[in-house]
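Next up is one chain by itself, shown in structure tokens, the form predicted alone.
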Amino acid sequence: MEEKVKFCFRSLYGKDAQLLVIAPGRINLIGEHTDYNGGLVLPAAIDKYMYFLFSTNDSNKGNVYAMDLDESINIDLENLRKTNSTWANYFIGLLVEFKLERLAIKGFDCVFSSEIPIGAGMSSSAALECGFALGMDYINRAGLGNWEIINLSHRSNHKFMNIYGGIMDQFASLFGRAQKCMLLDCDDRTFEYKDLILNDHAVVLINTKVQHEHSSSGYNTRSDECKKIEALIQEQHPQLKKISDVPLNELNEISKGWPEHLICRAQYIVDENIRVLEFCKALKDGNIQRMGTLLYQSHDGLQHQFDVSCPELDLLVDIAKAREEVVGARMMGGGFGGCTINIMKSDKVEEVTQDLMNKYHENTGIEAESYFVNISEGAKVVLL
């Protein structure tokens, strides 16, 4: 992939690039929709990457070529405006944040290409943001740290992209370590690395091929509902700042009189935070069966309480339950499509995965895709 992108850059701009940035996608083992509620998550970076090549130019323009889409944009760095291109707007939104931080931006040329499937729940958008921001940081000598890049991306998502998510995806892309998942508290931002040792089991992703886009799916609706819940909580309990602060044994009393759907949303968040901690304990104990049970419980909550699943995701999870080699499965990511994450016996991976996809096709007519992923390092800059 790197050589293809280098050849494309040279052909397009008539010169070699100055640096390469590699940014990974991510999985999230458990802890879904908890990040923007100040809760716990357990992500890991994976060996599916987005590749960026950069060089400076002697202009006030940013020239970007999306190799996979065969699309180009020319950004006027003195007049940053939203376009009709979603991927371009991610870049422009970050450049706006650079300017708001009073960071100088040199003219630049860029080519990028991705191995991360779009809309599959592996956070191609966060890899896009982190890779681009790292390149901009380096060529402009801005001296940004990982958390500063996360903050820039988070603000851009909220203010420019109108996507009201959390920090987990960017965190995973930047802080990933090989063979480690990361327990992150999205409130105080403390985190610790956990050895992801599954012994004779493996992680497999199966893509429903039903795509979502956060700005047009129900993702923002859930974020709005959670803000309403926070307001209801703080009316009577100002010491509780977010849903994740509510103790399980107090939720029933606190939520009396709320609309039923908001009670369900809050119950899911409180339960999911507990599941994250229980998953970490099971991981430490090597209790694969318990991990799998927690995945199924998480999906049940996402399907029935948080209401972010879809029939295709539910079908894949139900099919997985019928195979004893699969210890657990759930939808992964924002929902309304994308992938399921499955933990299954390593020596049966190909057979079981093909069976799941065959049964899925029989029921839907859709050809699913599978991905066998390894846990990788976070994003990096390579000087050329």
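Residue indices: 1-based, along the sequence shown. Just so it is clear, the structure is predicted and the values come from calculations on it, not from any experiment.
What follows is about the form predicted in complex with ligand GLA, which we do not show.
Stretch-level contact analysis of 158 to 166, 109 to 117, 251 to 259, 138 to 146 against ligand GLA in the predicted complex, using heavy atoms and a 4.5 Å limit, identifies 158 to 166. Of the heavy atoms in Gly333, some are within 4.5 Å of ligand GLA in the predicted complex. Using a 4.5 angstroms threshold between heavy atoms, Phe54 stays clear of ligand GLA in the predicted complex.
The shortest heavy atom separation between Lys48 and ligand GLA in the predicted complex exceeds 4.5 Å. Contact check for Tyr219: a heavy atom falls within 4.5 Å of ligand GLA in the predicted complex. Residues from 14 to 47 that approach ligand GLA in the predicted complex with a non-hydrogen atom closer than or equal to 4.5 Å are Arg26, Gly31, Glu32, His33, Asp35, Tyr36, in the order they occur in the chain.
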